[in-house]
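The chain below stands alone, shown as structure tokens; this is the form predicted alone.
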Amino acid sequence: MEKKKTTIILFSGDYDKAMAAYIIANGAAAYDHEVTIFHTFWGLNALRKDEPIQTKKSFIEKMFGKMMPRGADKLGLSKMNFAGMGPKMIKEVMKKHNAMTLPQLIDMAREQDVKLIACTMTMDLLGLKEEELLDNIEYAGVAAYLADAEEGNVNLFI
């Protein structure tokens, strides 16, 4: 029997929405689905390395880099962000309930062979370079996502 396939487009750069995407991805992988998360636009920030990486960029690309959060743990909330207080509060509640953080969920997804893809077209638009993103992820355009989604049993846009 062929494995079921789950694809997720992570468009949002919000901590809570990225968490939902990774919780679903890990759940599907645990149920033996072949899982792909296609990170595009603000969702790419979940794949950014925490530390600044020196790259050759235009002025606008540098500005985008400074304005966007660097890494999964720096993402804001979709609601109740409160100038950064919301994420601190939710992380405290998560810790109290022993819930996994977004970086831990990303690590778990990688351990379960969830395919993490960075959208190359959006990377070009936002001036993101491969060396700024996590190691050992894939890079592809929308055609690659569509090929996976065409065979998908579950296709989500978050």
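The structure displayed is predicted, hence computed values, not measured ones. Heads up: residue numbers just count along the shown sequence, starting at 1.
Keep in mind that the form predicted in complex with another copy of the chain is not shown, yet the notes after this line are about it.
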| query | finding |
| --- | --- |
| Full three-residue contact with another copy of the chain in the predicted complex, heavy atom 4.5 Å, for 37, 74 and 134 | no |
| Partner contact for residue 48 in the predicted complex: another copy of the chain, 4.5 angstroms, heavy atom | no |
| Close approach of residue 27 to another copy of the chain in the predicted complex, 4.5 Å, heavy atom | yes |
| Exercise: residue 68 in contact with another copy of the chain in the predicted complex, heavy atom 4.5 Å | yes |
| Partner contact for residue 138 in the predicted complex: another copy of the chain, 4.5 angstroms, heavy atom | no |
| Another copy of the chain in the predicted complex - contacting residues of 5 to 20, heavy atom within 4.5 Å | 9, 11, 14, 16, 17, 19, 20 |
